[in-house]
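Presented as structure tokens, the chain that follows is alone, the form predicted alone.
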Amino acid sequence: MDLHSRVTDISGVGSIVKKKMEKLGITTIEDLLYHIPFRYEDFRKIVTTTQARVGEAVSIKAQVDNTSHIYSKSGKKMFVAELSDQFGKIKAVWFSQPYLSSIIRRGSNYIFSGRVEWIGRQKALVTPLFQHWEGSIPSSDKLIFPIYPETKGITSKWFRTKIGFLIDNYPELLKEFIPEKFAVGMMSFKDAVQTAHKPSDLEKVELARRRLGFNELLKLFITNQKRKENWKSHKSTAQLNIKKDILSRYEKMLPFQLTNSQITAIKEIFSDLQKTTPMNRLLEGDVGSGKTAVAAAACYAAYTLGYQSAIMAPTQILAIQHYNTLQSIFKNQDIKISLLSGSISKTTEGKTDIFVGTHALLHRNLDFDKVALVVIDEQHRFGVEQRTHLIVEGGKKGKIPHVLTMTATPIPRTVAMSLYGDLDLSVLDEMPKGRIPTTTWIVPPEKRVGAYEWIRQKIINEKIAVFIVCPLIEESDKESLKDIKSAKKEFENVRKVFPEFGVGLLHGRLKTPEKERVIDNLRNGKIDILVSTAVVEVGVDIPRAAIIVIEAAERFGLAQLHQLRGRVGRGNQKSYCLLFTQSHSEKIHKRLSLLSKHHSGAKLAQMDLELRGPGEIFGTAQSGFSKLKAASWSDFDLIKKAKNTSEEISKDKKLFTQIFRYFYGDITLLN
């Protein structure tokens, strides 16, 4: 058995348990060892039955004299064990666990560990953990109980038993895999695993977590380096010898002036396009920062040299937006653009220069002998699946196109370099000139009515459109029925508050034609207010949208609120973001107020990380981010140490290969 063995190789783990473990992201022995407890129950205080004090967490070695099933006054079924030692007696009580009568035997000795509470007028151990014990008092590591993230049917006790079995019986799993010089000041891997899962000293648990976190991050960096190495082993479909005047010619087509960061990004992309190895670049920028204009410049460069490009979006709505934007930019040029997306097909006569569609376009319509550039607009997974497909297809023909991946998700640079070290990074950190910053206000309950009246006057006087966004009720990557019901309820409420205006509803269960109809109605003024769930992609370009109301704003992270705010402020008029909250917490108001002071997504993402931890940034709304079990995205020192270590290891090809194979077994190619 090794770290890459399946969990089904463990005795007692069958197909049913396997499926349950998959819900926790556990499929291999390595996953199981890195399934770190989130807290520990400390029962090292060993007392006699007479020394037990109410409110204390203690352990008592006692004999079971008798057991019985009784009902509490509230009707709950209790299993009661009467315990004794040489000093006195005490009871242990469990609720709704009748099966314990077949496990806890009369006349046997156990260590009972739990909290002492009053049951009626008697002291009792309530729902104590227990272990059969006939000898002397157990060591400390037997009285500290790790509590794990669980799922239905798999308890912390199950994890303690299975992981303890692996640690005790398979020492080869814990062998050190990096030279000692790279682990200076850290626990050995063996000690880290043992301390995390079977601690005898809780003060050392954080050191164990740090070492396991280092391993996680090192694997990430080693993986990125291998991916980058593999990518560079391919030849590009075309080495584009871009003329020096292409950028200036492109700028003359535009009805607006490019920002300095757009110009820098375009130059970085042009440099990549002229190489024999295919470009693999991530373009990060806030909503409205002009990523499509940068991508269009790359498409134009390919066109001038006789090559085709393809732009792919995650939804049909966004594909249509890209198509319209490109049509606007190239309206006076002989550049043929085709939209191929779902039920919609707008093709040009003759050869297409730029294809636009959803990601399905990649698998159906492209001839990779002619397409020199692929642009992937992917909010969450950053095109990993698409790049994998390109490598597979390229492997068949020997060459792959240049790839530009775009994201509006603000990521702190340190984290971006950790997550996507296999991609070169360009950042748009300026908004287009003339863009008026959106004013952000926090609206408490007592000002809601006044806010509604203010919105009414804005719609009447300025003919603007309004978004009202409902929060996610359930933590999920997809809308639940509860979320949609919440939006529908808000939709009905808004119609009552604003009976004189057209109100629309948008959520993920609507079919694409219906979504498009709703958005078109908002764009052309048939509806004035759009009520939407939070996960629906309504980040399309609607210049007349000038107010966004975010209900229960405290449920969102700063980065998420900033992205929602980016749905307005795309026209010439002044725009506003109203954060509605029922909370009176000073901490929450202080956090939300940061949005009124800062307009940089990257800055707010950094603040999110420092204030609330990585869960707010890499949560359900951005679910494709790597989920760390032991490390933290806010531990910049550990990230830096792992990155430096991976760079040192990469200098020794033999050691790099050895460690890569340790992480991945026999896999020698990563896409």
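As the structure is a prediction and not an experimental result, all values here were calculated from the model. Note that residue numbering follows the sequence shown and begins at 1.
The next section is about a form of this same protein that is not shown, the form predicted in complex with a small molecule.
The contact residue chosen from 289, 224, 409, 236 relative to the small molecule in the predicted bound form is 289, the criterion being a non-hydrogen atom within 4.5 angstroms.
Comment: the small molecule is not present in this chain, but in the predicted bound form one of 456, 91, 435, 228 has a heavy atom within 4.5 Å of it, namely 435. In the predicted bound form, at least one heavy atom of residue 259 sits within 4.5 Å of the small molecule.
The closest heavy atom approach of residue 591 to the small molecule in the predicted bound form falls outside 4.5 Å. Of the heavy atoms in residue 541, some are within 4.5 Å of the small molecule in the predicted bound form. Contact annotation: residue 515 falls outside 4.5 Å of the small molecule in the predicted bound form, judged by heavy atom distances. Partner contacts here mean any heavy atom within 4.5 Å of the small molecule in the predicted bound form, and among 91-99, 259-267, 118-126, 238-246 they occur only in 259-267.
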